[in-house]
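In structure tokens, one chain follows: the form predicted on its own.
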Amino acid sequence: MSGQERHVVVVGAGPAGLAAARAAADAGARVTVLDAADVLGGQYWRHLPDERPAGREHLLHHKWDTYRALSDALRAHPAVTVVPTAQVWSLEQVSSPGLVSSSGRRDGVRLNVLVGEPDAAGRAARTFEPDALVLATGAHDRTLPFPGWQLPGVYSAGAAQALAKGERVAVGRRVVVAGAGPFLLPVASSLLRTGATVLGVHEASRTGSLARGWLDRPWELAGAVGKAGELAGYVGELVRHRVPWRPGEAVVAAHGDGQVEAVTVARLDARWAPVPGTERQVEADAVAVSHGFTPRLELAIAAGCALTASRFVIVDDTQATSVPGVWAAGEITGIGGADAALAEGAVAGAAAAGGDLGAGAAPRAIRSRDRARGFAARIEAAHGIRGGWVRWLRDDTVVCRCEETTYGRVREVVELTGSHETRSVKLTSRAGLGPCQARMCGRTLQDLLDDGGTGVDRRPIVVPVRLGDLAATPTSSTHTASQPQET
């Protein structure tokens, strides 16, 4: 099947998804982009909507010109359809006339989609059975629990940045930023630009661990030369606003009557265990926390994609997954930043469209991707979570905020049942069975139990939907999604 005859669906409109859509269209495919947001850009380019644009949006976004070029190209391309507010709520494996698996069966996938404002009644139901699917669903913050993290005023760092970038709203007047990873720096920058006072940026990894992680194999940083300029900009901004950056420290508790009024900060050892006697309280009305990212794997798991031991989608050199007709790009294959996502998306889109990866822009994208993967490895080596963090938990610390399941309850269930299997403990303790379906606590629960499984269940419904939406008759978009317009 040539590119011109192929229908490629891209799920996700962040850097990886936009790059994949453009590459697929340039290779001659008909492309449909599905994204749950009402504007393109994903979490990385979260910005004000077109009807109320900012005069200097580029100041809040790295690679803003790249976003503008990609979004303008997709909107102008006659073979591209962008469907905003499109929530893919399930993915089914079906027989398809377009794909032949290695076993000789003709296999494919069906996407069930609801289009409309989130949580609104009467959203339009649509289905897609593409010839090729590119999953670019990204990742969300991982926040380790600590006493008081369920208080209003405790935000994931991603949520704090989204409010700052997308709405120009500060999460508080006096904010502490804490966790691990380079993402803490742009979050602090975004908060400063909304007028908030950032009291400090607390990085859990100690200076020695950071140096060993980043400098152990310096050649792996060759593809991240441009990151040095970004880092210098963030450091300069912190210095101008007199914001201290403190490695080897963490927020180990939040306090307040009904909302955050103060946090406890403690020094950590090399394993991230609090050092006794180093605790101090800091008055604050908000805290933004991130301990890295967790990939959005629901659709990949529903499709049957193989995962690594560290819970990322396994892909080959063309970004193809273990499932015929399904490609993956961006943070679901490894946390490597926007450069890696853009390069992976370009490779995945071209391959999904049946394009020649040895011609045009594809070889350059492949080289960029391979260089960027080394940067991803350095992030994990320097900032990856160490097991000592469990020492800051108490028995009354909430682990699952949806079901208010405590650490003590989880330990009790393990002692009573003798089981360390995540699914078993979830069913008994109710941890992870609330509205978010373990998106916030699933990985934490797996680590607490030392369970080597994926920690994510394969569900026929990957996000909560209304029963009325399930009963609605969908509109098949297998052959009708070719209208080159945003719907």
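Remember, predicted model here, so these are calculated numbers, not experimental data. Start at 1 and count along the sequence shown; that's the residue number.
This protein has a second form, the form predicted together with a small molecule, left out of what is shown; the following refers to that one.
Of the residues 205, 405, 137, 321, just one reaches the small molecule in the predicted complex with a heavy atom at 4.5 Å or closer; this is 137. Taking a 4.5 Å heavy atom cutoff to the small molecule in the predicted complex, the contact residue among 166, 158, 172, 354 is 158. Note that among 36 to 44, 22 to 30, 414 to 422, 64 to 72, the stretch whose heavy atoms approach the small molecule to within 4.5 Å in the predicted complex is 36 to 44. When the small molecule is considered in the predicted complex, residue 392 lies well away from it, no heavy atom lying within 4.5 Å. Though the partner is left out of this view, residue 141 does reach within 4.5 Å of the small molecule in the predicted complex, counting heavy atoms only. Taking non-hydrogen atoms only, residue 129 never approaches the small molecule to within 4.5 angstroms in the predicted complex. When contacts are judged by a 4.5 Å heavy atom cut-off, residue 288 does not count as touching the small molecule in the predicted complex.
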